[in-house]
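What follows is one chain in C-alpha cells, specifically the form predicted on its own.
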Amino acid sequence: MLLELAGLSASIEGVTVLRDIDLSVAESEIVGIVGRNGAGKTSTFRSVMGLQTIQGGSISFDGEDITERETHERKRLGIGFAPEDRRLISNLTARENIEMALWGTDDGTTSVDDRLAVVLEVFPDMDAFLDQPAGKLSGGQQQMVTVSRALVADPNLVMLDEPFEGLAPSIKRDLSESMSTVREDLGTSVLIAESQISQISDFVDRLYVIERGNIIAETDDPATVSDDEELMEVISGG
C-alpha cells in the first residue's frame, strides 16, 4: 500500500477526534472519504500531514513508518495536500502561489516552468490567469490553483479536502474530469474528502464513510452507500 493508517487515533487540545482509523490508498488508486461536516475528514488529512496530535496507531507511506515525521519531511516523501480553506496568499499571483510549493525541493533535473507545464495539462484554463493576484480570482479559479500547488511537486499521493465546496456546476464537472488526468497522466494517487457522496461517486475506486471519528463503512461500490438510507442519513447529518 502507498498510504496506510492502522488503528490511528488523534486528538485536538486533548479531545479525541479520530478513533482507531484503518484506511489505505494503493498506488494509482482514487479513494474517497465521505462524511458530514465535523465527522473527521479534515482531522484524518491533518494527521497524515503531521499536523494533529497522534494518540495511538501508525501512519505508513510507501512502506515507511512516518508517524513521527515532521510535516516538511512528509511533503518531501511525496504527499501533497490541498486544504479546504485553500490558504492562498491573496497579493501573490496564481503562479507565485503554485511555485511556493517548490521551494526547497529543486533537484536540479526539472525546471519550474516544466512543472508548471505539467499542472497546466490538468487545468489548461489556468493559463489565462496565472499572472493575476490570487485574491482577485473566482472560487473555482482559486481551487484550481490550490490543487495545482499540491500537484506541482510531483507527489505520489495528493489529498484533496472538500475540493468541490462552493463551486459552480461547470467547475465541479471540470474538476471531476481532471481526476483521471491526475491518476493516468501524472501517476498520482488521490485521497479525496467530501460531504456529498454524489460529488465523487463516479470516479472513486473505493469509498470510506466516517462519522464521529470512526470509519463506519468501506466499499468499492459507492452505490451501496447511496442506496443505504441509514448511511445516507448519517452522512447528511439527519
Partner chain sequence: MYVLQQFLIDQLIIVLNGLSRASTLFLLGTGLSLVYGMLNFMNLAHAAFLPLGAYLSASLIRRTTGVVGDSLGFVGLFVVFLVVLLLVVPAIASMVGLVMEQALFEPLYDLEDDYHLLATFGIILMMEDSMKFVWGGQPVSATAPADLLGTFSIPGGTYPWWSILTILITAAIAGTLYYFLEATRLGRITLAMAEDKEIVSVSGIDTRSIHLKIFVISVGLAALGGALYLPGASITTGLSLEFVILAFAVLVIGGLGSLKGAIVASLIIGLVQAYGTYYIPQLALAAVFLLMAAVILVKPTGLFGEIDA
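Numbering follows the first chain given and starts at 1. Small disclaimer: the values here were computed from a predicted structure and weren't measured.
FYI, the form predicted in complex with the partner chain isn't displayed, but the following is about it.
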| item | value |
| --- | --- |
| Interface stretch in the model of the complex with the partner chain - options 137-145, 76-84, 164-172, 124-132, non-hydrogen atom within 4.5 Å | 76-84 |
| Contact test in the model of the complex: Val118 vs the partner chain, heavy atoms, 4.5 Å | no |
| Non-hydrogen atom contact Asp154 with the partner chain in the model of the complex at 4.5 angstroms | no |
| Partner contact for Val158 in the model of the complex: the partner chain, 4.5 angstroms, heavy atom | no |
| 4.5 angstroms heavy atom contact with the partner chain in the model of the complex for Leu51 | yes |
| Heavy atom contacts to the partner chain in the model of the complex at 4.5 Å, residues of 127-165 in sequence order | Arg149 |
